[in-house]
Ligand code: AMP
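Okay, here we've got a single chain as structure tokens, the form predicted on its own, with questions on binding and movement later.
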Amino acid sequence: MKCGRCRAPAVIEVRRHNAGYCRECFVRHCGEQVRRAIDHFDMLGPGERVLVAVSGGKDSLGLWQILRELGYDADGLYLGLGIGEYSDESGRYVRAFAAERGWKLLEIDLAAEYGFDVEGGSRSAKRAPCSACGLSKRHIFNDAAIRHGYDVLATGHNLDDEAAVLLGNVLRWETEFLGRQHPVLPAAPGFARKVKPLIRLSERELAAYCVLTNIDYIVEECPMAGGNRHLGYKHTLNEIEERSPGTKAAFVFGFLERAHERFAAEVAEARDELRPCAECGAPTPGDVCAFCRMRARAVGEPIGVRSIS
């Protein structure tokens, strides 16, 4: 197969684009897809400071590098979740990546700063591990972006991730979640702007990008991810994509273009009802946010005894 751009030997085929690419053209293709997403959804502005949540995996490290190559002032944020050897190893990949390039990396350790790890939070709050992990990430990433003065928080959610989440939300008609499922969540009181610049790139493309640009990343899946239903949704969508290339992109972008606005009003109404958490000050529909309730249960502390710092 020849590269569709320069006719050199291709190293990868992207079936949904009906094209093959050589190394140089594929790396350029990935950068262009991120740039197009940023421009189309107005994700980032000139001179804005970007905080990239990095886990040590291909998506977040690939995103950090692409944003830097596109000229954005992007720093990294690594959250140590306390998942045994997996967290130790993922942290090593992130630190090595940042050190090799001389890029700024912020680090937060869940256990050291908040007194519990994901397993403890999951057990005490009677949540699935992925639920406790997601809750911790959302809270801490947002807090770090605001506290350190960043204009925007970027995460490494790719096309496959968004398609799987969308499928799950549609199957259960989670209307509020559908209203929040967008590549850009605008800033609001207590919330940093959040963006997903990888929405036009698949998981396979990110893996190839990292291999072709010599990004060393953790390959193993999180040991607590077993049974996560989104992995099942990804498998189902992969089977459909294999038979009909382009299905995931059509599903996600069709929703964004034709249906998202139908659910957005519910999100706006919910945000209008938020108030500062009595413990941490983060926006919440109740007196104490879900993260602080989980933390209090995990450390055996009565809810409501901490004051806003």
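Quick caveat: nothing in here was measured; it's all calculated off a predicted structure. When you see a residue number, it is the position in the sequence shown, counting from 1.
The same protein also exists as the form predicted together with the ligand; that form is not shown, yet it is the one meant from here on.
Asks: Name the stretch, out of 279-287, 46-54, 248-256, 265-273, where some heavy atom lies within 4.5 Å of the ligand in the predicted bound form.
Replies: Stretch with heavy atoms near the partner: 46-54.
Asks: Tell me, out of Phe141, Tyr114, Phe177, Phe97, which residue has a non-hydrogen atom within 4.5 angstroms of the ligand in the predicted bound form.
Replies: None of the others qualify; the residue that does is Phe141.
Asks: Which one of Leu206, Leu79, Leu159, Ala145 is close to the ligand in the predicted bound form, taking close to mean a heavy atom within 4.5 Å?
Replies: Here the answer is residue option Leu79.
Asks: Even though the ligand is not shown here, does Thr155 get within 4.5 Å of it in the predicted bound form, heavy atoms only?
Replies: Yes, Thr155 is a contact residue.
Asks: Does Arg193 reach the ligand in the predicted bound form, with heavy atoms at most 4.5 Å apart?
Replies: Heavy-atom contact with the ligand at 4.5 Å: absent for Arg193.
Asks: Using a 4.5 angstroms cut-off on non-hydrogen atoms, would Arg127 count as touching the ligand in the predicted bound form?
Replies: It does not: once the ligand is placed as it appears in the predicted bound form, Arg127 has no heavy atom within 4.5 Å of it.
Asks: Heavy atom to heavy atom, is Lys137 within 4.5 Å of the ligand in the predicted bound form?
Replies: Flag for Lys137 set to yes.
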